[in-house]
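Below you'll find only one chain, the form predicted on its own, shown as C-alpha cells.
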C-alpha cells in the first residue's frame, strides 16, 4: 500500500461513507454501558455502577487481567436468547451507522457452554434472530465465528464444539481460537479445527497479540487458519511475514485494543505501518469497542494518523475487509 501525507484532519464522514466489513469484533464485547445496566435489571443482578457514566468508568481498566474481569462479568449476564438477540441487533445497528455492510461476530462458544453451563442452540438462535432483524432493515450481511477458549482443556472444548457443529451451521462462517496461547503446544486443539473442516467450515485464530511470530506460524500450520486476529507479533520474524504474504492470509488488526491491553507500548511502536509496507493484507476491527473506548471509525482514524494514509489508503483498507469476509452475497 502506498503511503502519502495525510490532510490536516481525519475526514470521518468521507470514511464513514465507504462500505466496509468488520471481521474482528466479539459479540460479548459489544455490550455498552446502557445495555449492561439493562441486563443487570433484567436478571436482578447488582450492576458494577449505578449509572451509565459509572459503568463507562468501570470499563476503563489497566491491563489484560482487569479486562478479563470485565469481560467475564458481561458473559455471566448473557443468559437468555433474548439477551444475545439484543446485543447482536444493537451492535449491527451501531456498525451500520459507521458504514459497515458486513459483520462477523466472534462468540465465546466454549466459555458459554463449559463455564456458563448454557446450551449452544438457544445462544446461536438468539444471535441469529438479532442479526436477521437488523439485516431486514439495513441490508447488512453477517456471519458467526464460535470461538474456542484455550484456557479450558482441549478435550472439553472438543465436546463443546461438537455441540456447536451439531446445530444449525448456515451462518457459521468459521471457528476461531480466542485468548492466550500458553496451552497450544501442550494441549491439542488441532482436531477441533480438523472436525470443523470436515463440515466445510474453515478456521481462524487469535495469534501474535501479546505473543510473538511463533504463535502466528503455529496457528497457520497447525490450525490451518485462513485469517489471523491481531497478528502484530508476526513482524518479529521476516519468514512469518512472508508466510502471511505468500499465502494471502489477512490479519484482522485492532490498534485501539492493542493500546488498551498494552500489547504495544504506544502508538509510535505499533507495527501497523510496517505491516502495510510489508504487503500483509490488513483489516481493521474494534475487538471489544465499549470496553476499549473505540469504534470502527476510530480504528480507521488511527490508521490514517499512524500510517500517513490518504483516502486511497482508506478505500484500500475497506476493500481488504470486504475481500477477506467469509460470507459474500
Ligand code: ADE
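Positions refer to the first chain, counted from 1. Given the structure is predicted, the values throughout are model-derived calculations rather than measurements.
Just so you know, the form predicted together with ligand ADE exists too; it's not on screen, but the next bit is about it.
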ask   = Taking the partner as it appears in the predicted bound form, which of 35 to 43, 48 to 56, 273 to 281, 286 to 294 has residues with heavy atoms within 4.5 Å of ligand ADE?
value = 286 to 294
Ligand ADE contact in the predicted bound form: residue 257, any heavy atom under 4.5 Å = yes
query = If you check in the predicted bound form, is residue 179 within 4.5 Å of ligand ADE, heavy atoms only?
reply = yes
key: Partner contact for residue 61 in the predicted bound form: ligand ADE, 4.5 angstroms, heavy atom   = no
query = Is there a heavy atom of residue 218 lying 4.5 Å or less from a heavy atom of ligand ADE in the predicted bound form?
reply = no
Joint contact, 209, 230 and 261 to ligand ADE in the predicted bound form, by non-hydrogen atom at 4.5 Å = yes
message = Given a 4.5 Å distance limit between heavy atoms, list every residue of 55 to 88 close to ligand ADE in the predicted bound form, or none if there are none.
response = 64, 67, 71
